[in-house]
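What follows is a single chain, given as structure tokens, in the form predicted on its own.
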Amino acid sequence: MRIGYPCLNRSIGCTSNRTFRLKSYTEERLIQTVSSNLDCLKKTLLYNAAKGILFFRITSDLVPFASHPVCKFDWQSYFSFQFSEIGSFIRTNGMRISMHPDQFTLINSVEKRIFDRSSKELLYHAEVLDLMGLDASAKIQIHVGGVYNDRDASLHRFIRRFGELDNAIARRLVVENDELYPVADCLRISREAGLPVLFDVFHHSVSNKGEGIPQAFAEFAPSWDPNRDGIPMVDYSSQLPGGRPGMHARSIDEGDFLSFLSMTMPHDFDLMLEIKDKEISALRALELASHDPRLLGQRP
């Protein structure tokens, strides 16, 4: 088990998701921004490795407008050395990486133009991971998408469109359960399309078909081929006390987290904490899990 957090470190004084407005796009502006973002990503990974945080989600904004028609610049070649250097550091330190495009990346959209745009965005994500030289255990997670007044047709459209994606994308793609499509729907996609299911604990607490956490783990974990995909990935958060339903906690709920670890025995997985204070909760989670035999580095 590796434990990590997504995209942004609040302790090191920089961000790897700097961007700019489309109307101010120039190649010079793009080069400056990507250089800054990659420098900050290196600092973030150095911090994480030093603290034993071995799972990290890279921001989708690492290369602004990479999939937009305005971007004609060959950023892949220009920054190939920096990407390779970062990937080498990730591999050397036994880290795992994921990415998560935004909610507008919809391969099951009823509009072909949205699918085409989403395919380009997914290819950008795959290129980032490929440039780092990471194997297929570095995943790109997406949601099923919209229901469009016909759940069954929308599920089938996702499956069909998955088959149309470039293999560079397909080998990295995982589907995540959410409020619209609970884990049972994602497992249906997995059975028909062959892609793994990333389990989101918080979404499952909001939308499920009666499966408890142990049953859900028993059902989704086998969708991962350890030789091809690595061990399963799991997103974890809990409800913000006093917040509207569905709001993520600002910091780790220690009791809920320890209960979660207990309920998920004996399954091994990598855990992404979608909690507002990012690395602070990740560090506390490492302390709380220090006696868990699954935690990387804790095995005899």
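Quick note: we count residues from 1 along the sequence shown, nothing fancier. Note that the coordinates shown come from a computational prediction; the quantities given were computed from them, not determined experimentally.
Although not depicted, the form predicted together with the DNA is the subject of the following passage.
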(message) in the predicted complex, does Y78 come within 4.5 Å of the DNA, counting heavy atoms only?
(response) no
(message) So in the predicted complex, is the DNA close enough to A168 to count as touching (4.5 Å, heavy atoms)?
(response) no
(request) Would you check, heavy atoms only and a 4.5 Å threshold, whether I12 touches the DNA in the predicted complex? (result) no
(request) Decide whether L180 counts as a contact residue for the DNA in the predicted complex under a heavy atom distance cut-off of 4.5 Å. (result) yes
(message) Going by heavy atom distances of 4.5 angstroms or less, which of L195, A126, I97, L106 would be at the interface with the DNA in the predicted complex?
(response) L106
(message) Only one of these stretches, 145-153, 184-192, 204-212, 85-93, has heavy atoms within 4.5 Å of the DNA in the predicted complex; which one is it?
(response) 145-153
